[in-house]
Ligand code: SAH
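Okay, here we've got a single chain as structure tokens, the form predicted alone, with questions on binding and movement later.
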């Protein structure tokens, strides 16, 4: 069929048949793909074309005539414009089914691993107020009123939201107190366009297991006025343990600057995952959904198959969260992490829990592991290797070193099913076999999904 071109603002009838990896509804008109935000498979109606490319375009549903059984009414009044919850209009069980299919499609299509079992997603009983970390950008609206909330999708336009339904309720409480303090003392919000103004972000961390709370302000300066008043108001929040300032004067999209100082209390909070305690500072990486993190790490521990005699390498170890979880059952654990402060935290966390069988190295995993392997004369071995890389996955040099070290088991923890599938294909072509993949819900109402893959050596 000859390709049909559509014009901007043209209205067409469209049936939505699928979702993209980013949660956009997909429909086809005469072979031309249109991506429509806030729609789901089974929806149908009138779509206005808002942007066109050669082979695809983007549209907006202006008259929903057939309502899919996937669809629910979002309980959040700003669910549409806010970029944080791309799937809040989707029934939660359908979210889980879609996420499983998303992982399965990548494993089969990109990895070519059609014999690998992708298990049902480990979902949440209560998919609300689960996040233990909130980062609220602060600014002003078109009338000059102080606002805070979250960025609209693919922009830095702040959508005001002081009552986010996926953040811990204590985070929302802290935000309200900070905004009230700013208004009372006439403290300015940062303006990205001019580089002027003081408060850039409000960051709140909550220890779900301990109840400890950290409040942090990211400021375009070195100090704040009315600091005592801020401390006095935040101290009224039950569990408040730490109040910090982070200084970021750079014209950048990076949220945190290099310098953090304590205004009041401790420089970190403590939280627990299972029986292991972790010390968390303002910049620490720590999984945002602790209820599900227990399931994620327990799966990793189960797939590792530890008996107490194994040597384990944990790559991209962060502050040692998975490392110490594994150290409960392993003979020796070595962790590698590129962020030096995270390595300091990992060592502190090992000491905090009394682990003497965990050692940590600072550096890029793709550099540290090959170097140590060469230094050993290619004799260094591991019984189990755990990788938990960023979204881009593992570099080939690292995967090659892992293969040369000949671990009996590899546990791959992934936040991106596409790069997971790519890396599993590499391993499966070099003497390993992926047994199964367990998706785990970490971002309810959003499009992302974590997975754990069990990989065994077969040669």
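Every value quoted in this text rests on a predicted model; they were computed, and no experiment measured them. Positions refer to the first chain, counted from 1.
Unshown form predicted in complex with ligand SAH; subsequent notes refer to it.
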Q.
When the contact criterion is heavy atoms within 4.5 Å, does residue 431 count as touching ligand SAH in the model of the complex?
A. no
Q. Is residue 322 close enough to ligand SAH in the model of the complex to count, meaning some heavy atom within 4.5 Å?
A. yes
Q: Classify residue 262 as contacting or not contacting ligand SAH in the model of the complex by the rule of any non-hydrogen atom within 4.5 angstroms, answering yes or no.
A: no
(Q) My question is simply whether residue 373 lines the interface with ligand SAH in the model of the complex - judged by any non-hydrogen atom within 4.5 Å. (A) no
Q.
Using a 4.5 Å heavy atom cut-off, which of 362-370, 304-312, 155-163, 107-115 contacts ligand SAH in the model of the complex?
A. 362-370
Q. Of 98, 334, 316, 190, which one comes within 4.5 Å of ligand SAH in the model of the complex, counting heavy atoms only?
A. 316
Q. Among the candidate residues 92, 285, 151, 355, which is the single one with a non-hydrogen atom no more than 4.5 Å from ligand SAH in the model of the complex?
A. 285
